[in-house]
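Shown next as structure tokens: one chain only, the form predicted alone.
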């Protein structure tokens, strides 16, 4: 029996184990409405869910699908203007929809706890971390004084925070993002809950930290016999942790089943669309299958299937009647008319079949793909020579970027990857002159653009180089209309003859990024995350730049919107002849979009190679650690992978000093003579 079949049997055994029990929590026909400015929004539309003891259930879907609202009902944390208007949620013999706030205090935290997405909003910045955990221990475990403090030390250690006595006295701002998330988890598990709800617990974290947090939650689940609900839009995370998967859309669960059933035999076209939009399943050089349109407006009454207007497989009945729930297997159910015996037979998209066929095979670049850096007539566009960037001075001096060298050629996508704090964004901002550099230089078309330059050169740089920022909401003026936001560069540099020409330029660039001309009169808050990012891209493009620094442009977006933005960036590259510096920590995305990849660790580039070469033959231990942590949407491969942890102490540079060396053509690594010899042998073998 193959490994895959053995693991498939494990899924079957897990299904029998879960379904043999009575539901621990049963939500039936739940409806949740919000009253906003006198209008009613139905966020959850008569949906049901059974949760079983000891299982891990993942709830996936786009932003606005109702994932967080539905699970907040289980802990009595709906906003003041929201209420459960129909249905029941049975837990421990009680209907949670009928509890008073006083009764909720006996359930919330003690029996059902929640870990939220942003740990900084969950922690009190004025209290030490230890005190905040100890409060949960005292409230829910009844311990006091020395016993409560000792239990807090134990919990800190159990969530992987070393030196608990020292960490106990520190404040949240003294912890990294991953460590803060561990503190929030510590507060939740201090209550010893039966059910733990994790709302996007790893969204803002690097892949290596994400893998550690997922492993931590899995270990705590076993130790405390918890039932876990994961809310996420990252299907790699789902493949890693979930026993069962529920897919939500338009306020309803539209498909639910064991993880292997939902990944390898999905039946709802929305599930197909989510999986097809994954960069890991795309073909380099081709468009990702994005989901057209936007999610439904839940202020309106929805007729038929909510996904019908975006569904390329929609039948006539999809627009007229809401589909019933069809059982595919004892553990797999779907709300889709395609499952009806009378429906025409439709083949699953190729990407779904490719996921099952994948079994570890790498995403292959087409033989005909063109790499600008290999062209004999290649033209260096941006050259970074011995760049160093420091912040502060004296004892507080911090070296953010340490003697970095690379060249970006015209027409290529050059990517910088590494963990938060590695110096990626600092390099991007230094190239476009937002951050000053301490030493070294930056050349654009052979001319120096770093340090003191003439006003004419400064204007040329601003017009030729633009930046797309990570958070589209923070980078857009929320009080200005889209028309002004996009036109700001035109106004500043007088790049139009008259008002009519300016408006024409704005309308043209809006259409180019897939937005309607009438959007120019709206404000940023009236748009979805993906649309706001398109506005940011339009603002960059209107200056007719040659070079764009894209700083984590898709990290905050849903899977489906990511695909739209990636396709748009690739289209703009072809139609406008753009060159990109693409900054990211998600290696699956980087692989899909990049020609070459540079891996950066603590301000130093440790490896640089052509995209597929780097994935096939990673050499530096840090690169290997990053690649080992990349989530894979295949549940079998994801659970079989071995996570490598990078330990900088493996390098002994006390005598044998490191150098930047080209191991094979176009593959560079940072290492000393002994390490470089080892890397050469590794490639030969």
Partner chain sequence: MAKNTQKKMPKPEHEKTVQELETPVPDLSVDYSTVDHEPKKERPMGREHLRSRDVMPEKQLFEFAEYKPQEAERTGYSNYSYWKSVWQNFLKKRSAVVMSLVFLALFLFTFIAPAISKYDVNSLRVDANLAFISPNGEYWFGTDNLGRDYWSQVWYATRASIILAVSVSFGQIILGVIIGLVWGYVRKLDRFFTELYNLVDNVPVIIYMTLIAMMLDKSMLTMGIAMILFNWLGTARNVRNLVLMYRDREYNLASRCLGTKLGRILFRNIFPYLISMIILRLALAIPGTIAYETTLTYLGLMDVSMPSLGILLRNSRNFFLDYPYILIFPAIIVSIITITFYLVGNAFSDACDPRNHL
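Throughout, rigid core stands for the largest set of C-alpha atoms superposing within 1.5 Å between the two forms. Because the structure is a prediction, the values reported are computed rather than measured. Numbering follows the first chain given and starts at 1.
Keep in mind the form predicted in complex with the partner chain is missing from the figure; the text below concerns it.
Undergrad: Exactly one residue in 469, 409, 91, 168 has a non-hydrogen atom within 4.5 Å of the partner chain in the predicted bound form; which is it?
TA: Going through each option in turn, the one that passes is 469.
Undergrad: In the predicted bound form, which of the listed residues (279, 250, 289, 603) lies with a heavy atom within 4.5 Å of the partner chain?
TA: Exactly one listed residue reaches within 4.5 Å, namely 289.
Undergrad: I'd like to know whether residue 429 contacts the partner chain in the predicted bound form, with contact meaning heavy atoms within 4.5 angstroms.
TA: Yes.
Undergrad: Might residue 346 be said to contact the partner chain in the predicted bound form, defining contact as any heavy atom within 4.5 Å?
TA: Although the partner chain is absent here, residue 346 would touch it in the predicted bound form, with heavy atoms inside 4.5 Å.
Undergrad: Within 4.5 Å, heavy atoms only: does residue 293 come near the partner chain in the predicted bound form?
TA: Result yes; residue 293 sits at the interface with the partner chain in the predicted bound form.
Undergrad: Give a yes or no for residue 452: in the predicted bound form, does one of its heavy atoms lie within 4.5 Å of a heavy atom belonging to the partner chain?
TA: No, residue 452 is distant from the partner.
Undergrad: Picking from 36-44, 641-649, 56-64, 623-631, which part of the chain touches the partner chain in the predicted bound form when contact means heavy atoms within 4.5 Å?
TA: Heavy-atom contact with the partner occurs in 36-44.
Undergrad: In the predicted bound form, do 229, 391 and 588 all put a heavy atom within 4.5 Å of the partner chain?
TA: Looking in the predicted bound form, the three residues 229, 391 and 588 all stay beyond 4.5 Å of the partner chain (heavy atoms).
Undergrad: Which residues from 302-316 come close to the partner chain in the predicted bound form, meaning a heavy atom within 4.5 Å?
TA: Contacts from 302-316: 303, 308, 309, 310, 311, 312, 313, 314, 315, 316.
Undergrad: Is there a C-alpha shift of 2 Å or more at residue 489 between the shown form and the other one once the rigid core is superposed?
TA: Yes, the C-alpha moves 2 Å or more.
Undergrad: Any chance the CA of residue 433 moves 2 angstroms or more between the shown form and the other one, core superposed?
TA: Result for residue 433: yes, a 2 Å-plus shift.
Undergrad: With both forms fitted on the core, give yes or no for whether the Cα of residue 221 moves by 2 angstroms or more between the shown form and the other one.
TA: After core superposition, the C-alpha of residue 221 moves less than 2 Å between the shown form and the other one.
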